[in-house]
Structure formats: structure tokens, C-alpha cells
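Let us start with two forms of the same protein chain, each given on its own as C-alpha cells and named structure 1 and structure 2.
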Structure 1
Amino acid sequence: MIFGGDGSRTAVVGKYDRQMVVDTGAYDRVLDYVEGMRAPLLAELARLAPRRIALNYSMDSEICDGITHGMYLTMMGYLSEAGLADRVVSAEGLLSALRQRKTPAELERLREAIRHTEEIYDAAEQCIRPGMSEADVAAFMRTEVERRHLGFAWDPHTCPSVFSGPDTAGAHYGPTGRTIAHGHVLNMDFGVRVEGYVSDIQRTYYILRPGETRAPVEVEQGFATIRDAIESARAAIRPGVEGIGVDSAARTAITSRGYEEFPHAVGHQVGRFAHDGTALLAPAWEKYGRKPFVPLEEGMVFTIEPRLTVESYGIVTVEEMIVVTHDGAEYLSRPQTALRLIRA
């Protein structure tokens, strides 16, 4: 698929795929081949005479790294033959812009996914009881997803993730047979897919002990710290700022109250996948490459998800979804501003 600087859209495909591609209406020209794509491809490049050729590879952004290594070598062989190899650049900038800036229609689909997610969380809260297992809660939520004829935001093995009490496996692990008990902090990570777009939201609960009417002070303090860190991050967001500054605002809100810093980025983009886009709300760590330094733009959708450990109780973490606006950021999800209490 070749998108020219002159606005032209050309597809070079095998002979028997031609009509299917023509029928999409997406291309001005559909060139087919029998023996190989070299001749029609090089002819089209000669017609375009490009100064730069952007291939969909990237070292920093997985959503822009679409070409396989073998196809990259094949393409570079063709371009070397045509004397064009020195004009190759990464298409990361173009592809990132396309994926990151959400249109009103895309935002509407994201809002619908969020609505379903929050309703399923509300339903799950009414059924959670001490003695249930993490897997029991996950099964209830999966049944709700299926009843609503929705998709899962990521692999159903870990969607939802359910973690109860101290010493759990941590993020990105499937629900287990661990029993939900009085005095546990319970957190869940969950999202659904609606018309190709997904949500990604986390909620935290406390399982009241007999006689308790509120969570222990240290649990309440931990939750308040997370809530404030999320708002600090949201308040730091506006077009033009870099994600590293947003991450720093949340990270400082955590460490300034004596907690250890969380071992991950404070937020990632959401769109067609739960982890989408290139720009990241993250520290300048090796694994994040250039992502923390990409300026934020209006229309980007992010999560904000700091976490901390409350010893002997569990992990306190909340994940909200926001959209970058022309002068700041607004919540797409309904913020969890109070610890959710589960009574026996």
C-alpha cells in the first residue's frame, strides 16, 4: 500500500486479490502481479519520484512497527536496486499522528466502552463477598461481557485481573483461586471492546471486617494518595507538554507522602488497543525510549494509573481514562473518589 505525497493511493497486490481490493474503494490505482511485485512496485515509485520513503517500522513504538524483518529486507533490496535505499525513514510520525488523535466518532465509541465497563463494575460490587475467589468475581464479570455481546479489551485470561489481599502476583496476572477475605484490599483491572475501541479502568475496594464501618486509616490514606496523584497528573496535562512531566507530577505526589514510587509509567494511550499510541506518560527509563518526550496533542486519550502498597492489606490502584482537550484534560471515566467498601 503506497500513499503518495501527491495524495494518491496505490495498492500493489497479487492478481487474484485485485478485485477484492478494488471493491474497498480505498485506492485510486490497484496494480496486480503474477510473477512478483518488484516490477509494478518499482514502476509506481518511479512515477512518484519520492524524496523520502516512510516504511512502517519503528524502534520506539510497537504500533508503528508493522513490517516484518524479512519483508523489510525484501523491500530494502528492491529500493537498493532502484537507487532509493538512502531515502528510507520510519513512518512512526505519520502513523502515530493517525492513531493518536481521536475523532469525535472514535471518542464516542470509547465513551460507550467506558459506560459498559463502569456498569459491569457496579454490578460486580453488589456480588463481591468474603469467601468468593478471585476467579469467581472474574467469572461474573466475563458473563456480563458475554450477556451484553461485547468483546474483551485484552486477553480474557487476564481481563479482568482480580487481586485480593497482600502478596498477590501483581499486575498482568490472571485471577486465581485465592479467597477474598475480611481485611483485604481488592483491586481489579478491566475493560471491554465496543465497535473496535476499548476501555481500560481499575477500581479498588476494601473488604470490611466484622464490626468495621470504614477501612483502616492506613488503607484510607493510601487510597487518598492515589486519588490525589491521579488529579495531579490530570492537572499537568495540556497540549504541548511532554509525558515525562505528567508522570513526574503523579510520582511526586506518591513519594512525597513516604510511599515507594510505582515501577511503571503512570499512563498509556488507549484506542483500538488497551495500550495504544506512541506518546506515553512515563519516566525517562530505557524501556520507554522516546515515548516520554513526545508532546501531547488535543484528542489523545490516556489512562492515569499510579499504584502503591499498603503493607498487610494489598495494592491500592485506580485507573481513570482522560482525553486531552485544547487547554487541559477531562475525565472520560467516572472518577473513583472514595474507597469502595464491601460489607459481608
Structure 2
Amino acid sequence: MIFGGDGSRTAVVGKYDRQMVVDTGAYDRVLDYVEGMRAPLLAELARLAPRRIALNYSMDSEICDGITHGMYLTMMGYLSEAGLADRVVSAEGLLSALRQRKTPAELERLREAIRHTEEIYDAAEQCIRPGMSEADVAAFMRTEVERRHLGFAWDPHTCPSVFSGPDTAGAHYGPTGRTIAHGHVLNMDFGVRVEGYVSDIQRTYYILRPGETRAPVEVEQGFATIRDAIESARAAIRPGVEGIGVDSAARTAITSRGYEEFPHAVGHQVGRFAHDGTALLAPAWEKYGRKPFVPLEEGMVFTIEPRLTVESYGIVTVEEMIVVTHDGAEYLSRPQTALRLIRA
């Protein structure tokens, strides 16, 4: 697929894929081939005479890193033949901008996904009871997603994920048969897909023990710390700042109260995938590459999701979604301001 600096949109495809690609309406011209792409590709390159050719590879951003190494070698062979190999650059800048700068229509879809997610969380809260399993709660929520004819934000085996009590896997793991018991801190990670755009929200609950009317003080303190850390991060966001500073604001809010720091970035972008975009609210760790240093822009949508462990109770983790505005950041989700208490 070739997008020209002149605005042209050309697809070079196998003969039998032609009709399906024409039907998308996305391309001015669809060039098809039987024996190989060489001839139509070189003809199109000759027509465009590009000064630079941005290929979709990147060492720093997986959403911009679509081309396989074998296909890269094949493409470079054609470009060498055309005398254009030295004009190749990474498409990271272009693709990041496309994915990161949300249009009003994209924001509307994200808001709709968030609205459904919050309604399903509200319904689940009415249904959770001690004695149910994590899997029971997940099944209730998945049924609700299907009843609304929505998609899942990620693989339904871990959407929602449900972690109840101490000694869970903590993240990226499916709901188990573990029984939700009195005195558990329970957290869930969940999102839905609406017209190709997803939500990604976490909520934390406490299962009251008989006689309790509120959570133990250490659970309350853990929750308040997370809530304050999220607000610290949001307040640090505005166009032009780097994600590393935003992460640091949340991380410091956690560690300054004596908790261990969380082993992940405090927030990622959301769009067509739950983890989208290049700019990241993250520390300068090896695996994050340049991402923590990409300046934030108006229209980017991020999660903020610090976590901490309350010994013997479970993991407190809340994930909100925000949009970067011209001078700051606004919540897209309705922030969880208090622990949700489950009565027997």
C-alpha cells in the first residue's frame, strides 16, 4: 500500500485479492499482478519519484513495526533495483501521529466504549458476592458484553481479568476458580470495543467481613494512595511534557508513602488497541526505548494505572482514561474516588 506525497493512494495486490481491495473504496488505484509485485511496484515508484520512502518498521514502537524482516529484505531488493534504497526511513513519525492524534470522531467512539464499560462495571458490582469465583464474575461480564453486541478490548480469556485476595498472578492472567472471600481486595481489568475503538479501565473492591462497615485502615490507605497518585499524574500532563515526568509523579506518590514501586509504566495510549501509540507514561527502562521521551500532544488518550500491594489483602489498582487537552488533561472515565464495598 503506497501513500504518495501527492495524496495518491495505491494498492499493489495479487490478482485474486483485487476485488476485495477495490471494495474498500480506500484506494485511487489498485494494481494487480499474477507472477509478482516487481513490475507494478517499480512503475508506481517511477511515477512518484519519491525523495523519501517511509517503511513501516521501528525499533521503538511496535504499532509502527509491521513489516517482517524477510519482507523488508525483499522490498529493499526492489528499491535497490530502482536506485531508491538510500531514501528509506522509518515510518514511525507518520504512523505515530496518525494513531496518536485522536479526531473528534475517534474520541466519540472511545467515550462510547468507556460508557459501556462503566455500565457493565456497575452491573457487576451488584452481582459480586463472597462465595462466587473469579470465573463467575468474569462470565457475568462477558455475557453482558455479548448482550450489548460489543467486542472485547483484548483476548476474552483475560477480559475481564479478575484477581481476588492475596497470592494472585496479579495481571495478564485469566480469572480462576478461586473463591471470592470476606476480607479480600478484588480488582478487575476490563474494556470493550465499539466501532474499532477500545476502553481499558481497572476498578478495585473490598469484600466486607461480617460486622465490618468499612475496609481496614491499611486497605483504605492503599486506595487513597492510588487515587492520589492518579490525580498527581493527571495534573502533570500537558502538551509538550514527556511521559517520563508523568510516570515519575505517580511513582513518587506511591514510594513516598513507603510502598514498593509498580513494575510497569504508569500509563499507555488507547485507541484501536488497548496498548496503542508510541508516547508512553513510563520510566527510562530498556524495554521502553524512546517512548518515555516523546512529547505529549493535545488529543492523545492515555490510561493512568498505578498499583500497590496491601499485604494479606490483595492488590489495589485503579485505571482511569484521560485525554490531553490544550493546557492539561481531562478524565474520560468517571474516576473511582472510593473503594467499592461488597456486602455479603
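What we label the rigid core is the largest C-alpha set whose atoms superpose within 1.5 Å from one form to the other. Computed from a prediction, not measured in an experiment: that's the story for all the values here. Quick note, the numbers are simply positions in structure 1, starting from 1.
The first of the two standalone chains is derived from the form predicted on its own. Positional change of Gly14 between structure 1 and structure 2 reaches 2 Å or more at the C-alpha, relative to the superposed core. A displacement of less than 2 angstroms separates the C-alpha positions of Ala284 between structure 1 and structure 2, with the rigid core held in common. Superposed on the core, the two forms differ at Ala46, whose C-alpha moves 2.9 Å between structure 1 and structure 2.
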